[in-house]
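Take a look at this single chain in structure tokens; it is the form predicted alone.
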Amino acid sequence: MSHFDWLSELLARYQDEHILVRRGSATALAPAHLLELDPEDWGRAAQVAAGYACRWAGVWAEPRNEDFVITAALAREGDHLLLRTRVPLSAPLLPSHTPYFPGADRMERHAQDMCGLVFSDHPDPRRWSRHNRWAPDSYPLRKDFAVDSAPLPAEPETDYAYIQTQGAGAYEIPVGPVHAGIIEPGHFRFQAVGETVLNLEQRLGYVHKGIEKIAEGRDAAGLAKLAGRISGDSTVHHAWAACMAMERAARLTPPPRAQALRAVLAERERIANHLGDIGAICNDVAFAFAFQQFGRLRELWLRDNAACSGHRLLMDCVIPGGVAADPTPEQIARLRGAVDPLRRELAELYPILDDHPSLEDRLATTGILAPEIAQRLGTVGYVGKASGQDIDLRRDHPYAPYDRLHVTSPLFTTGDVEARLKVRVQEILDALDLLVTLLDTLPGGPVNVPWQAPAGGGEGLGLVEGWRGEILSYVRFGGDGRVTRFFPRDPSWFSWPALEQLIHGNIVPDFPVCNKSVNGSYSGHDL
């Protein structure tokens, strides 16, 4: 495990740029390091970090008394660094990180819409999360905004200025936000010539749920339940990240058996979603056989989830201090017994995927995300791994129980739909190996410890490798033991912009398979 060997070099570069840095508490947000900056150094600090090949991982703001406290997360070599500054509520002006990290674009606009921050040199001043539902001077994440405030009537967004393409033969194709399939809403605005896509612009936020606002005032158990509903297909990983943040704030360590069972749940969630995605990718190019077979395998996997946890998607299994229930020996045997039959079926199905010319013709060289663009956008998970981004927290900065396991992580550089499918294929096999080790060496003992809120408040950071990639959760408690700020960052914040880039030059009919190969979470993005 790296211990910020690169941090001293970065600090030296900050000093060379005359950036004033003050170290925060060494333990407040461990394992990340915290550096406090003057507001005027905020933009230059990002510029230096970008030049040092850091990855930008998120930003959030919180009103505290008469100030905004703004925190940004950077990552490198599996470690995380937090930059923090303060600006007065009366003049919430700050330089933008977007000129140096394009992946910061939408999250900064989200902070602008929810808090009223102003990023002075942000290249795109348009709203992102507001959707005309609040008055111009009303900001939902300020403390004077009541959670039950009535939104304005829903009106069409006639004033959102989409990018226009000019020229002979160029035309627009609007898609959504309501789709023909049973999926969540999102708008896609294509500019094309013939069938070739020149540009794609997304508009998301239609299922904004107010997660950050309704987290305020909750106790730890209530926050864990809420986190598990940020994105239903990532309930284990989001709940784990939130619980990890709370446990770090409270200096509480779950028992070894609980840690191992969390990983069992997480790897089962990973496998179920990858099985579904592989089938859906094949279905989008009319390979119905694979769609049916992988859908069948996913259904059998989910039935085992229900039999052993009470919920097909493993909802509410992860709680502060551990897991909600201890599986019986019979349930553990069932989970272990499901591994080998799935492995045998996959051994027959995977060669069919590899040796099917019509499938390869549709997937290879389709939707290419170049490694340099993936790096600039900060993509993680299977989208990043297919484009040369070798990032996996379970391996690079392992948390229990992965710190005692051997985690392998697939990596490709072609960046096309085929590579994103191959990452999923290999991650399923790797996850099956992890499940065997976890279930065969499951520690004894309790599966949770009693929750004790941090005395006098506290803050914590949770970092978990979700099935879509790195999930980051920040939690701060008040003196009453209740949550005062919760920020969950789903990896979809970075994969959605990647979809806009990888579709360039492809034909319009290939958009469905490109979209499914990315499979960003609308709900995980639309907090």
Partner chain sequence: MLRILNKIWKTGLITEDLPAGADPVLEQVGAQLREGIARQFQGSLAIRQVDAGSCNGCELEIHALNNGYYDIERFGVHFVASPRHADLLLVTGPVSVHMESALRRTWEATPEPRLVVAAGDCAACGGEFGCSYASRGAVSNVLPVDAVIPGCPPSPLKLMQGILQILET
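This structure is a prediction, so every number in the text was calculated from the model and none was measured. Numbering follows the first chain given and starts at 1.
Although not depicted, the form predicted in complex with its partner chain is the subject of the following passage.
Contact with its partner chain in the model of the complex, defined as a heavy atom within 4.5 Å, holds for exactly one of 135, 91, 307, 352, namely 352. Note on contacts: among 293, 199, 366, 426, the single residue with a heavy atom within 4.5 Å of its partner chain in the model of the complex is 293. In the model of the complex, its partner chain lies within 4.5 Å of some heavy atom of residue 181. At the 4.5 Å threshold, heavy atoms of residue 147 reach its partner chain in the model of the complex. By the criterion of a heavy atom within 4.5 Å, residue 225 is counted among the residues contacting its partner chain in the model of the complex. Of the heavy atoms in residue 348, some are within 4.5 Å of its partner chain in the model of the complex. The stretch that touches its partner chain in the model of the complex, counting heavy atoms within 4.5 Å, is 230-238, out of 395-403, 230-238, 250-258, 451-459. Interface residues of 211-225, taken as those with a heavy atom within 4.5 Å of its partner chain in the model of the complex (partner not displayed): 211, 213, 214, 218, 222, 225, in sequence order.
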